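Okay, here we've got a single chain as structure tokens, the form predicted alone, with questions on binding and movement later.
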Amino acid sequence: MALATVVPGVAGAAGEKLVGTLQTSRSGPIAGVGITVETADGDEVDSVETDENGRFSVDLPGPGQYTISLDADALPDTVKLGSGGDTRTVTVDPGRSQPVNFGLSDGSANSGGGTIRAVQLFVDGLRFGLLIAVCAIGLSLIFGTTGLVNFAHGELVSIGAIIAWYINVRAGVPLIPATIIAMVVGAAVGALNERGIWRPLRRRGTGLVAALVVSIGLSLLLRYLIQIVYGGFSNPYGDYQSQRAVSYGAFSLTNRSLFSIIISVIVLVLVAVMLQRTRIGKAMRAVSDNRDLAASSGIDVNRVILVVWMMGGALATLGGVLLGLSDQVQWDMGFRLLLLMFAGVTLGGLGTAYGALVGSVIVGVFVQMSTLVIPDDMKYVGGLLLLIVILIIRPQGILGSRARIG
């Protein structure tokens, strides 16, 4: 786990620039590291070295897409590159000083022995699990109310994160209001999915297997449409990038990671209160338990399903933004999270919102804690293995009912 951060430098004169600062919590600023910038065509723009404060700044010939490479051999022996490697591809808007982030680790996250590292990994896993839960609750409710296994749900995560990025970076709107706007758009995309595709298919009596195949095709269509529009690169948000990890004794977190946990908990509590206390929440639970009985009781099933889709789209957008804050915004970020969402939903119990929460947190913690014994590159495999073991012991999931599965 990389605790070191790369902090954007201060923008200078007008014009396009790439800026950043190499530093870690233990070693401080890292000077003398080569930074090379190339255009999308592979032409070198400039090569610079970080100064005594670890900062670098590269003037650009204009807006566009650029690739930034870091000379990893020039890093101190105690500093290692984190996830993402030694290159970054970013898009620079006209007149913008674009921050560039390289994840670095100086070993401070693991100082103090294996027990301290386990605590750090547990906290990281809790944050990751809560993020998965925010994205997965909509997926679980959609299955509960319609029986649809929606393979296109990951694309709702990507769409939400990318819309927030455009509003934040291209339009210059602060990230918090940009996220709220993106959540509204995400809810609208969810409603469009329901009204334009799934409701007509239900009216025609389309079977669940056929609907599953449609969702796979929709996932492929949306994923590569996103790649065409957004591109195959990764970009950070314009806000909350210049943060260093704060030590809390046995573990460390950046402020954005801490607030990611707080926001996730608040949102999940609000969802739970909505399901338990409000009329629409009780209607969702009734439709999930028995759609025909709910309809005969006077509940407008189509309206309930529409609200579920809108809520699922909004929550997927929020989860995408939180994921983009930690891993940057990428065209396939939702697809890469999809299997873990399915693992959390299935582990907790298909069709139950509380099951999605419990299962997602377990998967997130297990994925991070598994790196104590397996390489980081294989940690997602650990989450899927946990899913297999639990389903062998309890096929309906932790909070699921046999009636729902059977």
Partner chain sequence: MSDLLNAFAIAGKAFFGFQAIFFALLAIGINIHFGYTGLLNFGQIAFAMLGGFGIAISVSQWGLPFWVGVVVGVAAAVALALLLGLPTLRLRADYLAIVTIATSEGLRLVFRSVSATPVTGGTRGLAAFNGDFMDLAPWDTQHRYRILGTTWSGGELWVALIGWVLVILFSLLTWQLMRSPWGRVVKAIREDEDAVRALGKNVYAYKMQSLVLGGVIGAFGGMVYAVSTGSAIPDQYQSANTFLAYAALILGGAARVLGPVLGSMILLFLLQFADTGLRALISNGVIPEGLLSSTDVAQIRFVLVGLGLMLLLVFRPQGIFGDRREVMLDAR
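Only a predicted model underlies this, so the values are computations on that prediction, with no experimental measurement involved. Positions refer to the first chain, counted from 1. The term rigid core refers to the most C-alpha atoms you can superpose between the two forms while keeping them within 1.5 Å.
What comes next is about the form predicted in complex with the partner chain, which is not displayed.
Three-residue candidate spot Val19, Ala191 and Asn235; no residue lies within 4.5 angstroms of the partner chain in the predicted complex by any non-hydrogen atom. Heavy atoms within 4.5 Å of the partner chain in the predicted complex map, among the stretches 29-37, 359-367, 337-345, 49-57, onto 337-345 alone.
Scanning Ile263, Leu218, Met333, Val271 against the partner chain in the predicted complex with a 4.5 Å heavy atom cut-off leaves one residue, Leu218.
Among Val149, Val173, Leu306, Ile299, the residue placing a heavy atom within 4.5 Å of the partner chain in the predicted complex is Val149. Interface membership of Gly349, defined by any non-hydrogen atom within 4.5 Å of the partner chain in the predicted complex, is confirmed. Residue contact check for Arg279: none of its heavy atoms lie within 4.5 Å of the partner chain in the predicted complex.
None of the heavy atoms of Val45 is located within 4.5 Å of the partner chain in the predicted complex. Contact annotation for Leu293: none of its heavy atoms lies within 4.5 Å of the partner chain in the predicted complex.
Taking a 4.5 Å heavy atom cutoff to the partner chain in the predicted complex, the contacting residues in 180-218 are Ile197, Leu201, Arg204, Gly207, Leu208, Val209, Ala210, Leu212, Val213, Val214, Ile216, Gly217, Leu218. For Ile68, a C-alpha deviation of 2 angstroms or more is recorded between the shown form and the other one after rigid-core alignment. Core-superposed comparison between the shown form and the other one: the CA of Gly42 exceeds or equals a 2 Å shift. Between Asp377 and Ile68, the Cα distance is smaller in the predicted complex than in this structure, by no less than 3 angstroms.
Relative to this form, Glu155 and Tyr66 separate from one another in the predicted complex, with their C-alpha atoms ending up at least 3 Å farther apart.
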